[in-house]
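Shown below, as structure tokens, is a lone chain in the form predicted on its own; questions about how it binds or moves come after it.
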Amino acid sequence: MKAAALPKLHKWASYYSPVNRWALKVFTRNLFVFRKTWTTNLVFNIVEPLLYLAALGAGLGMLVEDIEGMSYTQFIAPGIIATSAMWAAAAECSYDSFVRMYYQKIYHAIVATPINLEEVVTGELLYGTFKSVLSGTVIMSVVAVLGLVPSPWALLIPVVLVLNGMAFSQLAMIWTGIVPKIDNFAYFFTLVITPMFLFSGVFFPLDVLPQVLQQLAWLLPLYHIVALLRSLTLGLVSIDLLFHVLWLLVFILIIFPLPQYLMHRRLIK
């Protein structure tokens, strides 16, 4: 019985494949397509977060007292950067990946080459991470121009956005490996992404919530991203930030095989 379980364990371990040149070719292929649509992508990624920042910061912020020694606009700005990056990765590896897989049959065409499916999925995750970093960095630049990024430690924000992008790209790709049709992604955004958007400390400190909700929020990856970005933006850097980084790394490593396994089960008959 133990011997029979070994091949399965070996197969599961094989999903931790390194990023190799074939996965990078998949990433490069998506990047070439992005070169033709980058203006549309960036306009959407810039306008929506800025609307949140304007409506909540300039509007609601006039009714809210300073939070933890900062204005409400300055408080939510790091969270807007984090959520912009989250939405970019989640959208790319859900709707866009599903279109490439199901409608355009691009995955089927690629696996007919020396590139295997696991490398295709890894390339997709890398591309989702790229979109996350790009979106978050653009918003960070705009926020900095508005004078809401007072610390040079904010230069490390793109590094944190890499963790953000990989975490949410994986979550989205897991859903892509499960749903039977594109309409089902509405459940992913309603039941997974939106609760993180609302209860990860983006718009208010979590200590105003009941203790049980604070503990649940702690389990959300976006909570740790927001905590890191807010600290870097304000220059509140301490050894405690390494705990958030460690949590994200463990989360990413634990769930990494799941999109590989689910996409393999779905496409390899």
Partner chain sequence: MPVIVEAQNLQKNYNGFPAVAGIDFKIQKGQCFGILGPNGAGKTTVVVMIYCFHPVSGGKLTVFGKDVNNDPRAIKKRLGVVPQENNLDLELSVRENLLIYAGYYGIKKDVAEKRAKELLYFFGLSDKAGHEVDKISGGMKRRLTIARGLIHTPDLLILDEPTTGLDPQSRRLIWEHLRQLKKKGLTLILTTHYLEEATQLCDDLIIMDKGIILEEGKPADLIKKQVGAKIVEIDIEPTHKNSLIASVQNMISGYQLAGNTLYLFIPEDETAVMKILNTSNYADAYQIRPANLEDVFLKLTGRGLSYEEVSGYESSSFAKTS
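This structure is a prediction, so every number in the text was calculated from the model and none was measured. Residue numbers count along the first chain shown, from 1.
One more form of this protein, predicted in complex with the partner chain, exists but is not displayed; see below.
> Which among 234-242, 62-70, 30-38, 206-214 is in contact with the partner chain in the model of the complex, heavy atoms within 4.5 angstroms?
That would be 30-38.
> Residue-level question: is Ser141 within 4.5 Å of the partner chain in the model of the complex, judged on heavy atoms?
Answer no; every heavy atom of Ser141 is more than 4.5 Å from the partner chain in the model of the complex.
> Heavy atom to heavy atom, is Leu262 within 4.5 Å of the partner chain in the model of the complex?
Looking in the model of the complex, residue contacts with the partner chain do not include Leu262, since no heavy atom lies within 4.5 Å.
> Heavy atom to heavy atom, is Val111 within 4.5 Å of the partner chain in the model of the complex?
Yes, Val111 lies within 4.5 Å of the partner chain in the model of the complex.
> With the cut-off set at 4.5 Å between non-hydrogen atoms, does Leu134 touch the partner chain in the model of the complex?
No, Leu134 stays farther than 4.5 Å from the partner chain in the model of the complex.
> Which one of Ala154, Ile115, Ile174, Val192 is close to the partner chain in the model of the complex, taking close to mean a heavy atom within 4.5 Å?
When the partner chain is considered in the model of the complex, the option within 4.5 Å is Ile115.
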